[in-house]
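Read the single chain below, which is given as structure tokens and is the form predicted on its own.
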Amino acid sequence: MARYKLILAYDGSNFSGSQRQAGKRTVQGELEKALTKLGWTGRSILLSGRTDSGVHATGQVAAADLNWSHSDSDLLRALNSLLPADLVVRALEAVDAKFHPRFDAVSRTYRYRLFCQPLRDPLRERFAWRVHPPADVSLLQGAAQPFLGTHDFSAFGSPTTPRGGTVRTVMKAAWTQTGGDEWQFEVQADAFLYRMVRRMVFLQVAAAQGKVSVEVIARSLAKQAAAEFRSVLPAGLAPAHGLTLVEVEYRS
């Protein structure tokens, strides 16, 4: 029996999130079905974290214990032949039996895509948020800066466990232009609260449209002020389909 670390990519459009749910199509459920056909007898695979319904991934990490007598490349081919077209194992390797994709992670990186257009764009809107009125670029870029560092993000999401904390450390938060009207937000942190990235993006766009000040966003990150600013900040989340989990990092 060996523990395998799997790097997953998926189009989240037709998944009800990554985590197994009764009666719903999920990434975990599809992967476990494929593994079962290869002799897997475990109760549950392990995931590096949960992605919401509609969220995509190019670097989700899973772990599963499996008796496999052939090569890693054979296992990769066998798994992918059994998985649906919107889910793939990009790479896999045998790892230490104690490896845990969630608890051993030191950082996660997400990317969010948007574009500014008054009219629908059916091809792009599958993977990006169409924003209108247009966002002020300088305000959008400036709105990312307050997130850097260690802050209380309780105004931006909820803990992933009932007794979990809300303090997180953000190492990177920046917008880059990827096309004429397209922008990409990349954020890296030690961990994220539930729906934290989508809330961050929504408020940055709100700031870039003049609906809230960057100063108010920055002040909401202070622990003593977080509860007060929950009612001051505009309510809402950026749509799930613009978000992709791109990388989970571990100590070498």
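Residue positions are given as counts along the sequence shown, with the first one as 1. Values in this document were obtained by computation on a predicted structure and should not be read as measured data.
If you look for the form predicted in complex with another copy of the chain, you will not find it shown, but the lines that follow are about it.
Next item on the list: Within 4.5 Å of another copy of the chain in the model of the complex, counting heavy atoms only, one of 122-130, 98-106, 153-161, 139-147 shows up; tell me which.
Entry: Comparing against another copy of the chain in the model of the complex, the contact stretch is 122-130.
Next item on the list: Let me know the one among 58, 188, 184, 26 whose heavy atoms come within 4.5 Å of another copy of the chain in the model of the complex, would you?
Entry: When another copy of the chain is considered in the model of the complex, the option within 4.5 Å is 58.
Item checked: Residue (of 174, 167, 94, 88) lying close to another copy of the chain in the model of the complex, criterion heavy atoms within 4.5 Å -> Comparing distances to another copy of the chain in the model of the complex, the residue within 4.5 Å is 88.
Next item on the list: Assess the spot marked by 11, 76 and 80: is another copy of the chain within 4.5 Å of a heavy atom from every one of these residues in the model of the complex?
Entry: Per the other structure, all of 11, 76 and 80 touch another copy of the chain.
Note to self: Even though the partner isn't displayed, in the model of the complex is residue 84 close enough to another copy of the chain, meaning a heavy atom within 4.5 Å?
What the structure shows: Contact with another copy of the chain, yes.
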